[in-house]
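This document starts with one chain, in the form predicted alone, laid out as structure tokens.
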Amino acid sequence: MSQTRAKERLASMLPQPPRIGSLWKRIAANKWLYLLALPGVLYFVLFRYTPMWGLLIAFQKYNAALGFLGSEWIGLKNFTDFFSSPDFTNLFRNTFILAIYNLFFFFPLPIVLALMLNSVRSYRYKRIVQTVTYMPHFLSWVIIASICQVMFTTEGGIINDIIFALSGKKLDFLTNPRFFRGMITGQVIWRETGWGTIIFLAALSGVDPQLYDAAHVDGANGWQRLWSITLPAIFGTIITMLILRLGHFLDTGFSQIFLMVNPLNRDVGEVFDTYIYRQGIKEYSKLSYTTAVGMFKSVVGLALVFCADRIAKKSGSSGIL
């Protein structure tokens, strides 16, 4: 008898699968929350998951007249053609270097700016700086590229006029491959640094002010409070944003690169995104081939997310997976 009771007690302690009736009762009880989430769910289903059906053509010799199921299956031929192509090495190098530039030169700046804004005592001045640094985010890449071309052109550009007044010569910023990567990274920094501070400022707002008061009483200076309180408080947010950033590591941005690249700097400016457009739409209509290229980018991003998450968890962070 005692064994039966022990088994019943143990079974009651184990998690039980939800009953259908109770599930629908919870949905009915929280119907407005589910209704609020419905647009977001529909967005991801329609525009994120449903289009993944199109990845099938990466393994086909796709013919629009025959459709997905009627086209010839060729396995991994599109991938092998891409990896053996003479363009692959140059594309991977250009995309990788731009991604490294963005990771090392752009990613830390929103954190630094957020820390600087967090230390500002004047609320009015802080809001003015935030507004000014946010504004470039709302400009399209077309406007930003146009501004750069007007400012850096050798024919009347203000930057080259200043350089000419100081040194007696002009620099071809827009056509010289040496300046392309720096200009692309500079545009990203100018446009996105202020916007990127939002999530870090939100994380900093959750730090208990009493911790700073206690550290000040103990004699800690500003740098010591920064390293001992502020940075540990937002370390989890930094790791999360870094992992998410690695998921888009090879996404250098089509619009920006497309607007800035030209025949003279194409050797360093051609990346996966512009290559997909040129091969798949503009010139050769290689839909299956370019789908394979895009799938390769996604697989690399997914692998980087898993690796970064595993490293973060081993270092003591919670990660995202």
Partner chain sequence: MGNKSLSAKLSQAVLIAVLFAVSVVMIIPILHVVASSFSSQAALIQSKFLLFPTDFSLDAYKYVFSTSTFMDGMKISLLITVAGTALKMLVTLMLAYALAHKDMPGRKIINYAVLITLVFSAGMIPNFITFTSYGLKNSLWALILPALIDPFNLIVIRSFIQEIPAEIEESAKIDGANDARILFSIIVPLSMATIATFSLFYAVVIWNSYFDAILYINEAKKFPVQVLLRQIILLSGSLGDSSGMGLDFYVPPRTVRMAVITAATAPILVVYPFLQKYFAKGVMLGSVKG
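We call the rigid core the largest set of C-alpha positions that still match within 1.5 Å between the two forms. Numbering follows the first chain given and starts at 1. Quick caveat: nothing in here was measured; it's all calculated off a predicted structure.
Below, we turn to the form predicted together with the partner chain, even though it does not appear here.
Original post:
Even though the partner chain is not shown here, does it sit in the model of the complex so that S71, L171 and L304 each have a heavy atom within 4.5 Å?
Top reply: Not one of the three qualifies.
Subject >> Region of this chain that lies against the partner chain in the model of the complex, out of 142 to 150, 96 to 104, 73 to 81, 227 to 235 [heavy atom, 4.5 Å] >> reply: Of the stretches listed, the one contacting the partner is 142 to 150.
Original post:
Even though the partner chain is not shown here, does Y62 get within 4.5 Å of it in the model of the complex, heavy atoms only?
Top reply: Residue-level check for Y62: yes, a contact with the partner chain.
Original post:
Does F92 make contact with the partner chain in the model of the complex, using a 4.5 Å heavy atom cut-off?
Top reply: Although the partner chain is absent here, F92 would stay clear of it in the model of the complex, with no heavy atoms inside 4.5 Å.
Original post:
At the 4.5 Å heavy atom threshold, is L244 in contact with the partner chain in the model of the complex?
Top reply: So L244 does not count as contacting the partner chain.
Subject >> the partner chain contact at A220 in the model of the complex, heavy atom, 4.5 Å >> reply: Contact with the partner chain, no.
**OP:** Could you work out which of S85, Q130, T240, T154 is the residue within 4.5 angstroms of the partner chain in the model of the complex, going by heavy atoms?
**Re:** That would be Q130.
Original post:
Can you tell me which residues in 30 to 60 come within 4.5 angstroms of the partner chain in the model of the complex, by heavy atoms?
Top reply: N30, W32, L33, Y34, L36, A37, P39, G40, V41, Y43, F44, L46, F47, R48, Y49, T50, P51, M52, G54, L55, I57 sit within 4.5 Å of the partner.
Original post:
Does the C-alpha of Y34 move 2 Å or more between this form and the one not shown once the rigid core is lined up?
Top reply: Passes the 2 Å threshold, so yes.
Subject >> C-alpha of L55 moved at least 2 Å between this form and the one not shown on rigid core >> reply: For L55, whose C-alpha is compared between this form and the one not shown after core superposition, the shift is 2 Å or more.
Subject >> Flag for G67, CA shift 2 Å or larger between this form and the one not shown after aligning core >> reply: Yes, shifts by 2 Å or more.
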